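For reference, the chain that follows is the form predicted on its own, supplied as structure tokens.
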Amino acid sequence: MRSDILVIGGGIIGLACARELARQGRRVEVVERLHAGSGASIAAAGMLAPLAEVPKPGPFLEACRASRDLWPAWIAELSAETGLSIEYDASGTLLVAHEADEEAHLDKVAHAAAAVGEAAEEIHHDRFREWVPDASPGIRRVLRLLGDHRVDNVQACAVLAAAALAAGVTLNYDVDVERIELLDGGGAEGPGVRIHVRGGAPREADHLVLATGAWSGRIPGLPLLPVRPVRGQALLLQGVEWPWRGCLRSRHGYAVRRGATGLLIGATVEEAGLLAQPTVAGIASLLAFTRHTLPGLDATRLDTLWAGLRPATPDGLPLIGRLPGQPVWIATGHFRNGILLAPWTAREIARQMTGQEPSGEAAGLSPSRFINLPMESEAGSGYTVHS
């Protein structure tokens, strides 16, 4: 079984890359152990927030801003291709401060926004209380980031999978990849790659795109990639009737609208290995944030708890680009920015796979910055594909 391109990983990054490449006329197959986007991609909050970490001006921030700006047209394309809708909101983020150190953080964010031309405005307390009636009266200051948007990432993953199918992508779930083999001879574009799967026939392709998120770190047959899992726990409340439809954030957590009356509360940042389940301590910290920031929600129904594993790298930047001298492209390590960067990553991978040089926004993101070729990961590491 041979394709032009094999994409390993069916989360939002893998699906976005697969759809983009199929639209260029390539024969693309996606293999994924779980359902479409059922790992970190649906555990996320869907914030499209380039200034969330107060980044310094530079190529990565420009990539985040560019991808944020791609989202509205991308949603329109996906909806036109599938007839399905995706919830999207451009109200912005309300960044709140209780204490003096939090006000200093707001000053840093406002300065960072001004430096790159992102709109930010101070919100009067009375206006804030109208928008968010359950907020604490102890909130001292509110800054609105108008360039922060949000998307229902669960809907987006489902619609993206449908759009990929409509573009001709073959989607295969319940597939465990055990090993990747670089071939000595093969297709017209070069030797190619072969993936060995548990309980099934190997698959071959001219090129491989690796989009396996937190499970990308030790893959038999490829160089070591320094990607580690970082757990994030979240919860969903139902019955929240606010005029405000965007996001609310402090240094200790965030609240993101979801659907008509939902409010998603997140998220922890935990070094917990590959353990992707909620814990008492993690949920307690989210509830503490909620009661401190939004005490009016004490009687609100607690609907759902969950956890996901973000793919983190040593320098906090994703791995985007080709492994030197190999028919393998890497698209992983997005940490908290996977949803935000999905359309840009797909465009960048497709650009590089057609022989173009990386864009200026991709400067410093090549996986070669961490790889000492030809060192390989251990053959017995038990790699399993997840999104």
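A residue's number is simply how far along the shown sequence it sits, counting from 1. Remember, it's a predicted structure, so these values are computed and weren't measured experimentally.
Missing here is the form predicted together with a further copy of the same chain; even so, the following discussion is about that form.
For the marked spot (280, 298 and 301), a heavy atom within 4.5 Å of a further copy of the same chain in the model of the complex is present in each of the three residues. a further copy of the same chain in the model of the complex comes within 4.5 Å of a heavy atom belonging to residue 290. Contact annotation: residue 305 falls within 4.5 Å of a further copy of the same chain in the model of the complex, judged by heavy atom distances. At a distance threshold of 4.5 angstroms between non-hydrogen atoms, residue 284 is in contact with a further copy of the same chain in the model of the complex.
Although the partner is absent from this view, residue 230 stays clear of a further copy of the same chain in the model of the complex, with no non-hydrogen atom inside 4.5 angstroms. In terms of contact with a further copy of the same chain in the model of the complex, the residue from 110, 182, 197, 237 that brings a heavy atom within 4.5 Å is 237. Judged by heavy atoms within 4.5 Å of a further copy of the same chain in the model of the complex, the contact stretch among the candidates 140-148, 95-103, 272-280, 199-207 is 272-280.
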